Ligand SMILES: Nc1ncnc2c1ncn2[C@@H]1O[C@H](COP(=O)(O)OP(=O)(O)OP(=O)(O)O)[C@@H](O)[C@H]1O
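Single chain ahead, written as structure tokens, the form predicted on its own.
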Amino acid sequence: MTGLVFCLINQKGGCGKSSTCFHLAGAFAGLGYSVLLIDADPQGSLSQGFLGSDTVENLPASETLAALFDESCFFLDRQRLIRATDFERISIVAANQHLGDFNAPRPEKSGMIQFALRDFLEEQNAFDIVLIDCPPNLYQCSWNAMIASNYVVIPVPPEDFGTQGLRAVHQAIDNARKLNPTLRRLGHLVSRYDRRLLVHRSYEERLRELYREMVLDTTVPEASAFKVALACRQPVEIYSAKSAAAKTMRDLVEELLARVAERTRKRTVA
């Protein structure tokens, strides 16, 4: 079994799941951790960030995450799904439009396919960290991610549409814990944050009032350095390690690992 598995979930698009996974991978790798990215979103944004749009869009289903759900790929060597990136210590299982055929609603009624990603990750032992980027819904791909993960991080932009639907996300996590009792919420991550905007500051304050310690201290700003680095297909830690954006990602890594350590300590004491 591989190391810590984090999935990033929210049923809203544009809340920063893919970009956070992209830049977090660079921050973890920069600290010496070996990272496996799982692109569980049929849009394939995370895959395109590392591999390029043309490459990703032309991948056959048998070379993407879809192979885990496709009975016709049962006898394939699943280790071949793991692709090296241009960056040391970062690998990825890519996704594209083929995954959409398997991202069905009501995944809890799908039998053993619910455990496809978990079973795949249990075969891995070469990675310290796994980051799973989920689609903007709570269908099969997100469900599989929760069944396979240790921890859930919920990116939340501080605005109306970003905070709507969080109750459904929490309910889905509670349901997934019936099959994966070790799954834990690690926290809400305030993303795409602009401190200059009163509405953003107000929503952050409200989110912290509602969820208290379940909101991460680190906030991810709407910084141009993230976008420029992504456009260059490089995590910001690699593109501009001295930038404030890169420091934010390192701070986030430290906070995530500190929270994991604290929860581990509490379970040990209990």
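Numbers follow the displayed sequence, beginning with 1. These numbers come from a predicted model, not from an experiment.
Beyond the structure shown, there is the form predicted together with the ligand, which is absent from this document and is the topic of what follows.
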Looking in the predicted bound form, is the ligand within 4.5 Å of a heavy atom from each of 146, 150 and 267? no
Taking the ligand in the predicted bound form as the reference, which of 29, 51, 216, 220 has a non-hydrogen atom within 4.5 Å? 220
Proximity to the ligand in the predicted bound form (heavy atom, within 4.5 Å), stretch among 204-212, 62-70, 29-37, 221-229: 221-229
In the predicted bound form, does residue 12 come within 4.5 Å of the ligand, counting heavy atoms only? yes
May I ask you to state whether residue 192 is within 4.5 Å of the ligand in the predicted bound form, using heavy atom distances? yes
Please determine whether residue 136 contacts the ligand in the predicted bound form, using a 4.5 Å cut-off between heavy atoms. yes
Taking heavy atoms only, is residue 43 within 4.5 angstroms of the ligand in the predicted bound form? yes
Taking the ligand in the predicted bound form and a 4.5 Å non-hydrogen atom cutoff, the residues of 13-28 making contact are 13, 14, 15, 16, 17, 18, 19
